[in-house]
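Let's start with one chain on its own, the form predicted alone, as structure tokens.
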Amino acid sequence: MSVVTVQLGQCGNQVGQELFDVICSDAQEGQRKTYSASSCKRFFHQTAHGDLVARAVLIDMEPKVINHSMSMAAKSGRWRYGESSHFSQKQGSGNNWANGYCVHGPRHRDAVEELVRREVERCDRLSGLIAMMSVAGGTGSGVGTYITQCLRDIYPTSFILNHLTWPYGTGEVIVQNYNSVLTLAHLYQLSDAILVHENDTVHRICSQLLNIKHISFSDVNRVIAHQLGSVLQPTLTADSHGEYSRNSLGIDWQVRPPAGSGRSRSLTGGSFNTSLANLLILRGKDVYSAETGGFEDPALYTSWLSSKEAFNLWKSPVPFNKYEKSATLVSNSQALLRPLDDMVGKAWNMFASRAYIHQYIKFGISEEDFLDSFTSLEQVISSYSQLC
């Protein structure tokens, strides 16, 4: 099974290029024919000359980042993007979600859908689609949300995973909280899974674990790509019968808390981080002797879902990205509650004072659209707050 990736905006294209670089480098490392073949078939197709071409579509409203990503891929000498698998214009979305969602997205829908259709038709079997984007800007968030909606309409039974890069809390864009609220509220209804990387958290990894003194966006993107690659590369699952799973999106990501009303816990306190579901991925040396019983402790999970249903374990004896052994945890839990609540609160304070609202209204987003998005995310916050 193969996965088609749609890279959207500056962030999505930069992280996407790093991801394919990590995946290709890992797949071609050492003598591991079965693992390599499974990985390459999932993320690349081969030309008649044997070149590996990423199963990807690159979208941005400005050409600079796409040109750079395609150039970096070609320079690697290991893989490249398709020569006609990209779409760009000469004018960006101005960090305005409404401009991306209401103007650029609909205007260029046919061209983008055709690019995605071509990539999908190259797959023997489609495992799913991954849309990579930031939630803070205009093209990644606005166009990205619109394209996700189109993909859901065209491929109603296909698994859609949105990988989101969460902005720094100190702010990159003055209206980033508006853009984030609108993006998350829409994607929560459209996507099968939302996988989030927080820039602040990744920044701390670069500083405290990797001891990088002057941290750049490239450093942050490489860490995100490494972690994402460790999730998406082939593994052995409980029902794969000794063969590498061809479905990189095989966990039941759709476990959601029952709707509730009112918050039963304070988000400012040091409350326990309850999980709905956890996926642990072990790679490399000693994966079959590793003790993972602690992750099956019922105390980690909600009372209405057994730990056997909530916990998944994937293994691969093949080392990932030159690490002798590694462990990756994907968690559907309360971990994002605090940053989500903070982001919604900041956006609401701006909305209450009507700051910058006119910039969204002029592109077709109404105040009711904002209110609907606030309501949707408040329900998410409330439901996750009450996990017990």
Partner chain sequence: MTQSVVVQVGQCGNQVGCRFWDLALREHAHVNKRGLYDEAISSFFRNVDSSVGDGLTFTYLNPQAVLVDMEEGVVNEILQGPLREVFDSTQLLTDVSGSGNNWLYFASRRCTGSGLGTRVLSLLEEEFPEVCRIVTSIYPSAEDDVITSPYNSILAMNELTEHADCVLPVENQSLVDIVNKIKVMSHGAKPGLIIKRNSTVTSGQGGLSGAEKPFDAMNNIVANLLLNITSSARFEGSLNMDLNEIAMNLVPFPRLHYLVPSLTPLYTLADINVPPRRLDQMFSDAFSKDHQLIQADPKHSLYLACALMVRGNVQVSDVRRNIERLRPSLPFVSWNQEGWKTSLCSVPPVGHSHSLLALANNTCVKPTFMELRERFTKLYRKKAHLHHYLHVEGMEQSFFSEAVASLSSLIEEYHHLDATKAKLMPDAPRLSIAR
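Residue numbers count along the first chain shown, from 1. This one's a predicted model, so the numbers in the text were calculated from it and none came from an experiment.
Heads up, the form predicted together with its partner chain isn't pictured, but that's what we're talking about next.
**Student:** Of Ser303, Gln208, Gln91, Ser84, which one comes within 4.5 Å of its partner chain in the model of the complex, counting heavy atoms only?
**Tutor:** Looking at the other structure, the residue within range turns out to be Gln91.
**Student:** So, Glu62, Phe374 and Gln386: all three within 4.5 Å of its partner chain in the model of the complex by heavy atoms, or not?
**Tutor:** Looking in the model of the complex, the three residues Glu62, Phe374 and Gln386 all sit within 4.5 Å of its partner chain (heavy atoms).
**Student:** Under a 4.5 Å heavy atom criterion, is His68 part of the interface with its partner chain in the model of the complex?
**Tutor:** Close contact exists here: in the model of the complex, His68 approaches its partner chain to within 4.5 Å, heavy atoms only.
**Student:** Might Asn96 be said to contact its partner chain in the model of the complex, defining contact as any heavy atom within 4.5 Å?
**Tutor:** Judged by the heavy-atom cut-off of 4.5 Å, Asn96 is in contact with its partner chain in the model of the complex.
**Student:** Given that its partner chain is not shown alongside this chain, does Val173 nevertheless sit within 4.5 Å of it in the model of the complex, heavy atom to heavy atom?
**Tutor:** Contact check for Val173: yes, within 4.5 Å of its partner chain in the model of the complex.
**Student:** Just to confirm, Arg118 within 4.5 Å of its partner chain in the model of the complex by heavy atoms?
**Tutor:** Outside the cut-off, so no.
**Student:** Taking 4.5 angstroms as the heavy atom distance cut-off, pick the stretch from 46-54, 32-40, 357-365, 325-333 that is near its partner chain in the model of the complex.
**Tutor:** Among the candidates, contact is made by 357-365.
**Student:** For the heavy atom contacts within 4.5 Å of its partner chain in the model of the complex, list the residues of 205-224 involved, in sequence order.
**Tutor:** Going through 205-224 in order - heavy atoms within 4.5 Å of its partner chain in the model of the complex - the hits are Lys213, His214, Ile215, Ser216, Phe217.
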